[in-house]
Structure formats: structure tokens, C-alpha cells
Ligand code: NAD
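A single chain, nothing else alongside it, follows as C-alpha cells in the form predicted alone.
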Amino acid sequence: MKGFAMLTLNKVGWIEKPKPAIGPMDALVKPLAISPCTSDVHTVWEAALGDRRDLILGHEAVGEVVEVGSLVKDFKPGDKVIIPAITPYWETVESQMGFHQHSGGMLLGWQFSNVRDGVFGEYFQVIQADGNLALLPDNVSVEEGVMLSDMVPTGFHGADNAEVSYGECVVVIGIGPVGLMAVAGANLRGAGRIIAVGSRDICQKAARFYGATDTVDYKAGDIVEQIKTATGGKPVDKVIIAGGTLEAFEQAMKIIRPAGIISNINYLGSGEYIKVNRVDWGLGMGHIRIIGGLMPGGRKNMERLSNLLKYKKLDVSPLLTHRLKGFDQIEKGLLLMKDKPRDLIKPVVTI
């Protein structure tokens, strides 16, 4: 089969590989829609995971089941399915502890384009299909459904980890597609004021669509000063970091209240250390929590989130700014995520 791969650091291209063999609990799937991710960019061009050789990229897909193993009960060939970016082994100790994202070790619930070939191939293997696939609702398009693979659950995980509650003031730093879904998640959890930090007009407009009450342009000046001016100097309840540089943690610490939460969902692809100012952290006694989390995967989460689209509680269409058609357009879609033109939020390739 053909696949689009990371050949080595800083180099991508098309390769030929054998069609994956599946085990008794697995499924073989062919993609119907895929979406390149900034994570792919970090992996290839920032060496965030170290070198990978001839590894097929991609972890966001809606597909059609081609074949299932003998022990798969709930899925059959022909089913249209959502494939989450995180597909763990559910019997591991880490999964039993409630952190399936790290089944087998740090971040190893993230299988696609990390420790096994991803979804940018003509076929791909989904391990433990009954636990890691979800049926695509009939009234949800494949383009919309692929946003459930990663963008929606990652953004919502940022709001969940921040424990956003009714009426709170929340800052979201970085309003690419993940940050926009963090805005949407915070809004659905009942946040009162949502301050979205980003520079592109298209993203600021989308942030307001998803519930942001204020937008801050980091190119217009120091965001700490802009946010303090907007709040009259009052600290905010929660900060969700969905983009930016390592400096975002220092900025968040300067605007958070005592006992506030800083929730990171940004893939930190470069740099060595995160700095936390001793005084801003309350001399180590301010009850300010910093938490970073990989999005939850698995069937149940996909089914819950797909209900938001099925019953019109969430509209992901503003994310879909670039629609490409054909398997050979995967490379173009990835380079769009790398170059980030000002009119881009998210590219989707239908196959």
C-alpha cells in the first residue's frame, strides 16, 4: 500500500509498505477523511519525539472498516467510524489507573505516528477495535467527524482539566483549532468571561463564535498587561494554554488567582525547561496548580462528543477552512499546517 511518511527528521515523502496485518481484536480501516495536525509538524520538523524512520504520519481520521478480527463484536466491514488520535491498550495498569493515554508508558496511548504507522496510508490498523472505534452518526459528515479525532477532545480536555465552572473568567492562550475547541469547551462548561489570545482575524472571529467575550492580540503588546487592563487588574480563575511558546507558562502565572488552575494542552515540541516565577507562584504556597494532559481517547469519549454534533450542540464547520479532495492532497494539507497562512484554521482531506 501507499502512505505519506516521515522519512527521517525534516524529510517527508510517499512510501510503499505492506498492508497491515490485524490481530483478533483489531480492525483494518481505510480512510474516508483525514486531517494533518500541528503535532505532525512538531514531530517532523522539531524532532519533538526524536528521529522516526519511514513512519506513516497522521492520527486524525474518519474511515470505513475493511476487515475485523475474530474477537471483534461491535463493528463490521462497511461501518463508517471515527478513529480517536489516542488508541490505548485497555488492559494495561496505566489504563486501570485511569490514565489510558499512557498505557504501557509515557504517552504510549498515542499510537498513530508515534509508535506505529498512522492514518495517512491507504489502510491502517486500529488495535482493540471494540474499545477504540466509534460509529459516525448518520447526520455528521466525514469532514466534521474527523474534528472529533483530536481537535474537539483535546480542546475540551483543556477545559476539563482546568475544572472550568459557572461564571468563571477563563483565558485561552492560543486559538488555533485546539484553542478554539478549548473556548467552546469552557463555554459549554459555563464560563462567564472568556478571553482568547491570538493574532489572526479568522481565529479571533471563530473564537467569538465559540463563546469568547474578549480577544487579545499578542502582536499588539504584552498579553499580561492587555489582560490585566481588560480585567481591571483582577486575576483570572483559569488559564488554558493551547499554543504559544514556553513563555506562556510565565505569562499564565502572572494573571492567575491564588488556587487557580493552569491547564496545558499545547504540544511542547521544542525548548528544554518551563520557568515558573517563585513569587508569582506564591513562594511555592499559592495553591496554584499546573496540569498538562494528553487528550482522552477510546470509544466512549468519541460517542459522547459525537452526540454534540449529532444533536447540534456544537458546530465544527468554522474550523474547516481548507477542504482538499484526493489521497494525493495529504502532502499539501500537511504543508498548510506547517506554513499556517492567515486564512487557515484546519485543512481536511476527503478520500
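For clarity, every value in this text was computed on a predicted model and none was experimentally measured. Residues carry their position along the shown sequence, with the first being 1.
Another form, the form predicted in complex with this ligand, is not on view; read the next lines as being about it.
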property	result
Triple contact flag P88, L133 and N301 to this ligand in the predicted complex, non-hydrogen atom at 4.5 angstroms	no
R323, H42, K310, R289 - the one with a heavy atom within 4.5 Å of this ligand in the predicted complex	H42
Heavy atom within 4.5 Å of this ligand in the predicted complex - the one residue of G185, G145, G121, G176 that qualifies	G176
Heavy atom contact within 4.5 Å of this ligand in the predicted complex, the stretch among 207-215, 92-100, 255-263, 167-175	167-175
Any non-hydrogen atom of V126 within 4.5 angstroms of this ligand in the predicted complex	no
4.5 Å heavy atom contact, Y267 to this ligand in the predicted complex	yes
Close approach of Q111 to this ligand in the predicted complex, 4.5 Å, heavy atom	no
Contact flag, S306 vs this ligand in the predicted complex, heavy atom cut 4.5 Å	no
Members of 196-214 lying within 4.5 angstroms of this ligand, judged by heavy atom, in the predicted complex	V197, R200
